[in-house]
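Presented below, as structure tokens, is a lone chain in the form predicted alone.
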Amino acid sequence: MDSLHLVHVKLLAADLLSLTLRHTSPPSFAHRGRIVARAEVVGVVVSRDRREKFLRFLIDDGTGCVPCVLWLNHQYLNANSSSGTLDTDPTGEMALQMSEVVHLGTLLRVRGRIVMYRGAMQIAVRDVILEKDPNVELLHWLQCVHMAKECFDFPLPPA
């Protein structure tokens, strides 16, 4: 199996949104014949919709807009049945902290799983990192070009 399915592959929005859906169980995606399950994108937040259980936002990197969803409802999954209070859930707390940095116009690095929801591709967010240096976006573009040449332009290794 190709090792790219194990890492967050740096992709531009145009590349991410043009991934080929492979009808497997669970669904997987291919970029130039290689399986990609996780992605990393860098861009500016252009849309934000906060709900009780999730935060949906769009990241624009200049080549397109990537829909992202950050699930906030981890805290509801760990209810303590004996006392009726919520257990301390570090995953839910981290998700809430990450949601606080997602504001319109901020430059973010987002990592997560690529998923299909209602026929559209999106990233189920694992990490959100606020980037303070605007050069990070250009560096991400250069790394994507480098990845394309070094990883995707070569034939697949024999199985």
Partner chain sequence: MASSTLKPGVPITLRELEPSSDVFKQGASLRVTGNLQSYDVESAIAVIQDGSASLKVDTQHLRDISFRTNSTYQFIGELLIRPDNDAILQARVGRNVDGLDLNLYQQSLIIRRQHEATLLNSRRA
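Numbering follows the first chain given and starts at 1. In this text the structure is predicted, and so the values were computed from the model without any measurement.
One more form of this protein exists, namely the form predicted in complex with the partner chain; it is left out here, but the text below deals with it.
Among heavy atoms of residue 64, some come within 4.5 Å of the partner chain in the model of the complex. Although the partner is absent here, residue 49 is a contact residue: one of its heavy atoms lies within 4.5 angstroms of the partner chain in the model of the complex.
The partner chain is not shown here, and in the model of the complex it never comes within 4.5 Å of any heavy atom of residue 20. Under a 4.5 angstroms non-hydrogen atom cutoff, the partner chain in the model of the complex has residue 32 among its neighbouring residues. Comment: the partner chain is not present in this chain, but in the model of the complex one of 114, 44, 95, 102 has a heavy atom within 4.5 Å of it, namely 44. Although the partner chain is not shown here, in the model of the complex the stretch 127-141 places heavy atoms of 134, 135, 137, 138, 141 within 4.5 Å of it, in sequence order.
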